[in-house]
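Below you'll find only one chain, the form predicted alone, shown as structure tokens.
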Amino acid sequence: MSRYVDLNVDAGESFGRYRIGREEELFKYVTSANIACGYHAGDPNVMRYTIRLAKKLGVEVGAHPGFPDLMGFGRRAMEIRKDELENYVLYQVGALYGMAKAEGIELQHVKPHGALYNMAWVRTDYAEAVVAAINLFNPELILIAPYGSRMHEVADKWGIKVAFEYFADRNYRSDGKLVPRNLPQALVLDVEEATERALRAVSEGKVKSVEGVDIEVIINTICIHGDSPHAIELAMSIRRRFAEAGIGIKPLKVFVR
């Protein structure tokens, strides 16, 4: 059984007058925040406000770079040259770093968003672009990625630390990938079910796929999507259930070396 696990949330995804998520409440229960950097969501005002809130509530901050796709919320696949994608990621990490530096805090990690995450999961060129950007900016940053993904493999080659992620509010296929969001089984909507699945994933290293097959997982961090209608309830439930099971909730920098 893992002694510690991180609880992360995608955050700072409001934009202009568009509001999404309830970070003021959610940040009371998580340990790490992946903050949108202005490409798929977020803007300078939202970024800085979210960083300030994270600092106030003791939540570690990481960059959440995505495709330049505000209208599609970064969830649409894009074909981009590897060198261009490296620059996109580098630009976004740098933008969030500037805001974090203004508030006197350091970045802990980088987690790609949406379609970029899913494509870099399986495509070596996209994975290399993401890892190269991290290595250029600060090789001490932790990359959040799935175990066994192309990002994991490339990061290992480059000597970049990786935190392996599990999605509490998403269903998995038997090949270990997430069920696509356009399918009806993509989301786990029941809070109790999602909590018990997360507990089993951490304690046993297994999660049942939508096909009914147990797949093996290795987990350092559990993601809750900030735009989920039950995000706060799920974070509270995981906190409570994990405490009962003797599993500590700590930020990644405490135990990922």
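Everything quoted here is computed from the prediction, not taken from an experiment. Sequential numbering from 1, following the sequence displayed.
What comes next is about the form predicted in complex with a further copy of the same chain, which does not appear here.
The single contact residue among 121, 97, 164, 167, judged by any heavy atom lying within 4.5 Å of a further copy of the same chain in the predicted complex, is 97. The contact residue chosen from 105, 90, 187, 178 relative to a further copy of the same chain in the predicted complex is 90, the criterion being a non-hydrogen atom within 4.5 angstroms. Contact check for 145, 153 and 173: none of the three has a heavy atom within 4.5 Å of a further copy of the same chain in the predicted complex. Looking at 64-72, 24-32, 203-211, 187-195, the stretch with residues near a further copy of the same chain in the predicted complex, meaning non-hydrogen atoms within 4.5 angstroms, turns out to be 64-72. The closest heavy atom approach of residue 55 to a further copy of the same chain in the predicted complex falls outside 4.5 Å. Although the partner is absent here, residue 77 is a contact residue: one of its heavy atoms lies within 4.5 angstroms of a further copy of the same chain in the predicted complex. Proximity of residue 222 to a further copy of the same chain in the predicted complex: non-hydrogen atoms within 4.5 Å are absent; the residue sits far from the partner.
Although the partner is absent from this view, residue 157 stays clear of a further copy of the same chain in the predicted complex, with no non-hydrogen atom inside 4.5 angstroms.
Within 4.5 angstroms of a further copy of the same chain in the predicted complex, the stretch 136-160 places a non-hydrogen atom from each of 136, 137, taken in sequence order.
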